[in-house]
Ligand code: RIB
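This document starts with one chain, in the form predicted on its own, laid out as structure tokens.
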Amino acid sequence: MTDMASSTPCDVICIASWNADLVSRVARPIARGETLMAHSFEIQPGGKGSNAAVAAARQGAKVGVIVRIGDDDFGRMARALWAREGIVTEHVEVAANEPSGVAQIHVFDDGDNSIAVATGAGAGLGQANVDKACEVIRSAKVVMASNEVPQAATLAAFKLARAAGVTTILNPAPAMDLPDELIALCDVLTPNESEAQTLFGKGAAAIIVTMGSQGCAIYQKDKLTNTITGWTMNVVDTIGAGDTFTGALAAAIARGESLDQAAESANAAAALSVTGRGAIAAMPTLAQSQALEQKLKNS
């Protein structure tokens, strides 16, 4: 079932994944066959698509999600989060007898992490979900997705968006081979440095490579056109930093910023996101990220 049959106009539509993040904090990566005692354990909201949607909403965009979740406690956790964040859920499908996605995350003392994802109900997201949401996709300013959702859903949504002149953003994480057809439909790709290696030379219109504390680099038609200075932050953990970047970028483009301006906005938002625990806690508001940008201009 879906939440509602109507279609509320949105600035940003996210072809979304949802996971409940099962987060254990450990001193270091765990070796094969080893048991390591954890400092703590938490269950937090996650999923690259859901994270990016929350980030965009906090940056002032009207955001809607197209997503499948299970009819379980983790699915209800998702709907409660989206309600708090003002995210439109008219195209959320609640799948009976299917589990919601989960991600098992180890966060290390240096703030880095490793993640294993089981997509659950999200694996069934596809053409039918996109078709039901075609009206909001065509009327949006930006449609975004990640590699956590089935490529068939992303392709269908991006085809609709391209035909309607809507900007498309893909976070190509987790890294995997992307068909040329999908790359051709992407206005902007937002990989990290390792994910970017497989994308150059494939005709992408724009690639913004995120580089953590080193900032980001903008490539257009494989040529470096700009670099955005990074920030030195007090890192608690890096969960959701890339998702925050993508969501904040989408919100900035939706409010009319140029690609360079939007990358600066997204860079500031992502920097702030690493100062709290988990993906959601430290995702900044537009006012907070703008204050950090102003600090750079005044320095």
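It should be emphasised that the depicted structure is a prediction, and the values quoted were computed from it without experimental measurement. All residue numbers are counted from 1 along the displayed sequence.
We do not show the form predicted in complex with ligand RIB, though everything after this point is about it.
- Using a 4.5 angstroms limit between non-hydrogen atoms, N51 touches ligand RIB in the model of the complex.
- In the model of the complex, ligand RIB lies farther than 4.5 Å from every heavy atom of A271.
- Put simply, G46 is close to ligand RIB in the model of the complex: some heavy atom of it is within 4.5 Å.
- Shown alone here, A279 lies within 4.5 Å of ligand RIB in the model of the complex, counting heavy atoms only.
- This chain lacks the partner; the member of I228, L185, I105, V92 within 4.5 angstroms of ligand RIB in the model of the complex by a non-hydrogen atom is I105.
- Only one of A252, I239, I66, A57 comes within 4.5 Å of ligand RIB in the model of the complex through a heavy atom, and that residue is I239.
- Stretch-level contact check against ligand RIB in the model of the complex with heavy atoms at 4.5 Å: of 217 to 225, 77 to 85, 137 to 145, 115 to 123, the positive one is 115 to 123.
- Applying a 4.5 Å heavy atom cutoff to ligand RIB in the model of the complex picks out no residue from 177 to 204.
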